[in-house]
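Before any questions on binding or motion, here is one chain by itself as structure tokens, the form predicted on its own.
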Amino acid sequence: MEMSSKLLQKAVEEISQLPGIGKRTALRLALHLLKQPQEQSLHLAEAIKKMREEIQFCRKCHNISDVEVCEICANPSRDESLICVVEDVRDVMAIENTGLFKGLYHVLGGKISPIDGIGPGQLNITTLVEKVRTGVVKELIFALSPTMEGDTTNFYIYKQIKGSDVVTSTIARGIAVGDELEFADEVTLGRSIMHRVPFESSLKNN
């Protein structure tokens, strides 16, 4: 897509790298920004720059945060004995939107997927195991998407903490097999968390 302005073309190329945005949509967005007051575009640029430079990952749960410990982990009303294990920060947001879960989270940062070259060492599994060994955690809820990779990751973690006194459970299969957690509606996701089942039961059903 050749354009009369190299600056516009560069902007379109960068915007089109965002997921779900093709060149035509990127062009529409770039032209829209050009029509807006310059101040508005600069505010957007500054917000993106500030996000990239200053955002942190919570040292306790690996959720995104503006400070060292995220608001969820720092909240004294949350049940620290109950940990919900999720794939990424989008899943934390989805579960929080249900308003039904009052424990804490642990963000793995992905799922075990040999075909994609992702092994256990590339995920936040070691810190989860260490957290379990402190004795504070009483229950782990596996809330990864019900895919082959999600089930593999659940089983790997289960094997790592086997022998501890921690109860392991998994979200009820109100979420269709193969679906990503972040796309589930809030009612279905909330019910899946509240009606979780022992992880051992899910092993027998597979």
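In case it trips you up, residue 1 is the first one in the sequence shown, and so on. Note that the structure is predicted; figures quoted are calculated from it, not measured.
Beyond what is shown, the protein has a form predicted in complex with a further copy of the same chain; the following relates to that form.
Problem set entry | Touches a further copy of the same chain in the predicted complex: residue 27 (any heavy atom, 4.5 Å) | Yes - in the predicted complex, heavy atoms of residue 27 and a further copy of the same chain come within 4.5 Å of each other.
Exercise. Wondering, does residue 15 line up within 4.5 Å of a further copy of the same chain in the predicted complex on heavy atoms?
Worked result: Output for residue 15 is yes: heavy atoms within 4.5 Å of a further copy of the same chain.
For this session: Indicate whether residue 32 is a 4.5 Å heavy atom neighbour of a further copy of the same chain in the predicted complex.
Result: Output for residue 32 is yes: heavy atoms within 4.5 Å of a further copy of the same chain.
Exercise. Hey, in the predicted complex, does residue 65 get a heavy atom within 4.5 angstroms of a further copy of the same chain?
Worked result: Within the cut-off, so yes.
For this session: Tell me whether 73, 74 and 129, taken together, all sit within 4.5 Å of a further copy of the same chain in the predicted complex, counting heavy atoms only.
Result: Zero of three within 4.5 Å in the predicted complex.
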